[in-house]
Structure formats: structure tokens, C-alpha cells
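In the block that follows, a single chain appears as C-alpha cells, in the form predicted alone.
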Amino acid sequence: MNFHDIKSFDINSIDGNFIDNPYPVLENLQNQQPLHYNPDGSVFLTRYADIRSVYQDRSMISDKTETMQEKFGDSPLREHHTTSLVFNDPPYHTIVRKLLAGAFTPRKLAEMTPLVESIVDRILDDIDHNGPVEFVSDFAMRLPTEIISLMLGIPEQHRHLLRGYSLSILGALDPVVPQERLDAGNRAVEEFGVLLDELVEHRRKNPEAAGPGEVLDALIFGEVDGRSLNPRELIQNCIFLLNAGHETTTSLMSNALGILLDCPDQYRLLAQNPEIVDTAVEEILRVESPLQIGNRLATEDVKLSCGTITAGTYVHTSIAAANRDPDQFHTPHAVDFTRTPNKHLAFITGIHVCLGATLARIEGRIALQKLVTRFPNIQIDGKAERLPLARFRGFHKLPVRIH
């Protein structure tokens, strides 16, 4: 892709150069074509104000039934993505969100905080302090894996499978998906579904056996206005919780270290001033948002600052571009751990605002503070590899040496 010829930009045919560093293209689009039409008639938005408006407009829907049918056919991936919370709208969305909200009540989050602290301490204890560390697998992946495993009651012997499932299912959402990735995504939905079926059946028979932080019982037995999740909805929304609480948090932590390594001044600032960890987490979410691209479908004509989107248009929202919009953020490409206010869109906004945002912030705050306080000098120790995905941004490998 020519980084300067934005007329030829097509979200459906992006390449590895864009995935590795999308920001030059996004900046050019934002300046010159903030409402960009792809060859298939869909639009790609890059300005903060427009994207925020889209997320808050109820006429912009998340239901992707037709799109998912076209993309996935009659497959496990289609069943998952048309049943889970994220690609649905009211009234189903309202019911499922209220049921899932039981996992994120203040009481549940209060239970999770000491659990997160103990897990982070244990993982840091396991790291070889004087040797090479593959940060993604040794730290960034382990934390959310253990958290989501506790929440869903997944036994330790199955936890090594979770990131593979998550990456395979989420990877199939990219604009360009080869057949082997579709096959892997369908297998992941099927295999994780079987595992969850067994866990749900066991919990139904043993409702009193839930451990600290577990929310599976609330999803199984919970009701909203007499409505509970049927078996299909229960399984698919548990898979959604895995994906929502697993891969994005893994990427949050790996992106955090990537930023620290690229910005040693901010690394020193945080190490010397641990009280700024909350604003540091927000800045990391802004600069390298784990979720880079969202989607909506216009059911009515919608007027934005950059033009009008007509009813029936499929909309791609560039969260990555919005979070670096100079009209919203001063020196948007600079990393500033003291930045405030910082009203980024990493967790979306509107009725689909991320349900687990508070938990993600808790995990990020505790992990980042403990990591930097304990290891104020971490250095890159090999070639880092980005995830080969456009919709999600994180690292596949991040080799470092901890002193």
C-alpha cells in the first residue's frame, strides 16, 4: 500500500505494512478524506467527533446478521457473532447486557482486586529476573488468562488453550481473512463450546461450588424480567467474555511495555512517580488501542462533520485514528503519562461501551505499577512481532531482558 496515495486505500485489502504501522495512512485519511469510501461502498471514518457521534447514534446499529451470514455462511463463527452481546442491539442486547453486568458489579470488582494483585505478584515471582523473558507469553497473556479462567470456572488444565481460541475467533473478524483463519476460528468456537458445555453442566449440578471471582453461576441462573439465557446464548456469551476479557487485556499489557521501551523518559517518570499509574494506563489505551476498528450499519441518513452517510451504508470506525485526532488531543502522537483530560475511545461509547472497562483498568493499573516498581529497567532482547491483525493491535512476541 502506498502510504501517501490515500485514494487507493481499501480497508478490505490492507497489507502487512498497514498492520505494522497504520498511523501514517490514518493521519493522511483524517486530514484529506475523513469520510473515505471503500470500493465495496462501505465508509471508513477517522475523525474523533464523527466516530463518537456514530457510537452515540441509536440509528447506527451493531446487528451484523446479514454481514456475518455473507462472511461466514452457516458456521460456528456466524452462530457465535450473531448471538453474542457485541453484535446485537436492543431488546436482546439490553437483556444480555443486564445479565452479564452481574459479573462486573462493585461487589464482584471488589472481590477481583485482591485476586488480581496476588496473580500479578505470583507471575512476577515466576519471571527469571536475570534472563530473557518472552513478555507476551510469560506475563501479558498469563494475567488475563487466569482472571477469565476464575470468572468462568475454567480448570487449570484447559487454560493453555484460551489465547489460541480467542485469537482464532477474533482474527476471523478482520476485513481480509484467509480460509485457514476461518477454519481455525470455526474450530475454536466448536472446541471452546464443548468445554463450556461441560463446565455449565457441572455448575448446574453444583451451584454452591463457585470459587472467588466466579460469575458463571450468575450467567446460568440469572434472570432479567423473567428472561434467562438459553443454552445457546449462554455458551456464546461466555465465549464473548473470554474474547472481551482476554485478548484485549493481553494487548493492553504488551502495548504498555512496548510504549515503555520506546519512551524511556515516560518509563522513568512512572517508576519515580507510581501515583500517576491511572493516567498512564489511559494514555496507553489512547496511543495504542487494543481495539483499532469498530463497525456500525446506518439505518437512517446520518449527517456528520465530514459529510452525510446514507441509510444502508456499512461503517468502519477507526478508533486508532480517533484517539490521535489533533482536534481532540494536543500533540496526539506524543506519549504523555500525565495527560488529562484523556477522553479516548478505546472502550467505545454509547450503549455498547465496554462492559469490562473497569476490570481492564484495574488489571492494567495493578500490573503496570507492580511491573515498573519491581523492574525499573527492562530492555528489548530480540525482534518484537506484532499480531498479524488489523482490527486488534498488540504483540505476538515481545522478547525482553529484565534486570
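From 1 onward, residues are counted along the sequence shown. All of these numbers come straight from a predicted model, not from anything done at the bench.
Keep in mind that the form predicted in complex with a small molecule is not shown, yet the notes after this line are about it.
### Message
I'd like to check something about Pro290: if you look in the predicted bound form, is any of its heavy atoms closer than or equal to 4.5 Å to a heavy atom of the small molecule?
### Response
It does: once the small molecule is placed as it appears in the predicted bound form, Pro290 has a heavy atom within 4.5 Å of it.
### Query
Given that the partner is absent here, does Phe221 sit within 4.5 Å of the small molecule in the predicted bound form, heavy atoms only?
Phe221 lies outside the contact set for the small molecule.
### Task
With heavy atoms only and a cut-off of 4.5 Å, decide whether Ile378 touches the small molecule in the predicted bound form.
Result no; Ile378 lies far from the small molecule in the predicted bound form.
### Message
My question is simply whether Pro34 lines the interface with the small molecule in the predicted bound form - judged by any non-hydrogen atom within 4.5 Å.
### Response
No, no contact at 4.5 Å.
### Heavy atom within 4.5 Å of the small molecule in the predicted bound form - residue from Ala49, Ile351, Val335, Ile61
It is Ile351 that has a heavy atom within 4.5 Å of the partner.
### Task
May I ask you to choose, among Leu150, Leu173, Leu85, Ile95, the residue with a heavy atom within 4.5 Å of the small molecule in the predicted bound form?
None of the others qualify; the residue that does is Leu85.
#### Entry: One stretch from 282 to 290, 302 to 310, 198 to 206, 222 to 230 that, in the predicted bound form, holds residues within 4.5 Å of the small molecule by heavy atom
It is 282 to 290 that comes within 4.5 Å of the partner.
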